[in-house]
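Listed next as structure tokens is one chain, alone, in the form predicted on its own.
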């Protein structure tokens, strides 16, 4: 279809861009209501809403891709629905049924179809489902009313470098999440907890941060807003930790790594092992893969370097996953859902 909006798709940052509609529905009296179409960018909210006072809020992130064949594809939305169930369970939100989750996503993508970037521009339509405690409580307890909302916005690469290696900084004096805490849930508090470390890293010229485990400061944990992986000896290695958000992208890369003949290891990764990796990267929905050129320890200044160009295996993984998302590579695992006639 012809785009009816005047956007320089190739220069889009990863940020908010106003679109025409969002979709919302409320959970009241023990059940979800009908989906509502809204053109407002604002949410009327009670001043005592649990989302505001007690952080009862979770969200997801996925993308709609315009393929080379012109079709629009969603990537593994079922896993996003499953992860939102997990987050809702973790902080006692009302769970959104899968059918309602998909119906809201499909509807909002259709309504904002003119904002889906064309194939080959490097831009995508980012889909953000949001679940918040909208009901009032003054005591620390779950709300009885919840709002589920889905907004979309066209975005460019998460890191301005795109698929180019970035520098990241290891953090020892701040933690993102504690063991047995909320790190494994996609809730806003985890991101707020990492903001100061990220801002300090940005001021120092780094694209992101790499947290160590909060208990011993010995093992690699979350890579800021993404999962970490390293490559060596034809093996894809990614950290195992209860405080890491399970990344759908990382899960997919593990399967692709197996498909192309790599061994996959999900295990504890000691900090000292960084020296032995041939390639390293951060992965997530927003960036897909961001190769890492160097990792610097904020406390000691020690730097491990991996090269100024993306490694061959990281490149192969990135191109393969992007090919599945955009329909140029056969989706043998049935990960994509085509939104018909859009």
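Note that the coordinates shown come from a computational prediction; the quantities given were computed from them, not determined experimentally. Numbering follows the first chain given and starts at 1.
Another form, the form predicted in complex with ligand PLP, is not on view; read the next lines as being about it.
Contact check for residue 182: no non-hydrogen atom falls within 4.5 Å of ligand PLP in the model of the complex. Interface residue remark: residue 248 is counted as part of the site for ligand PLP in the model of the complex, having a heavy atom within 4.5 Å.
Although the partner is absent from this view, residue 191 contacts ligand PLP in the model of the complex, with a non-hydrogen atom inside 4.5 angstroms. Mapping the unseen interface onto this chain, residue 220 falls outside it, with no heavy atom inside 4.5 Å of ligand PLP in the model of the complex.
Contact with ligand PLP, judged by heavy atoms within 4.5 Å in the model of the complex, is confined among 262-270, 136-144, 116-124, 239-247 to 239-247. Interface residue among 226, 150, 93, 177, judged by heavy atoms within 4.5 Å of ligand PLP in the model of the complex: 226. In the model of the complex, no residue of 90-115 lies within 4.5 Å of ligand PLP by any heavy atom.
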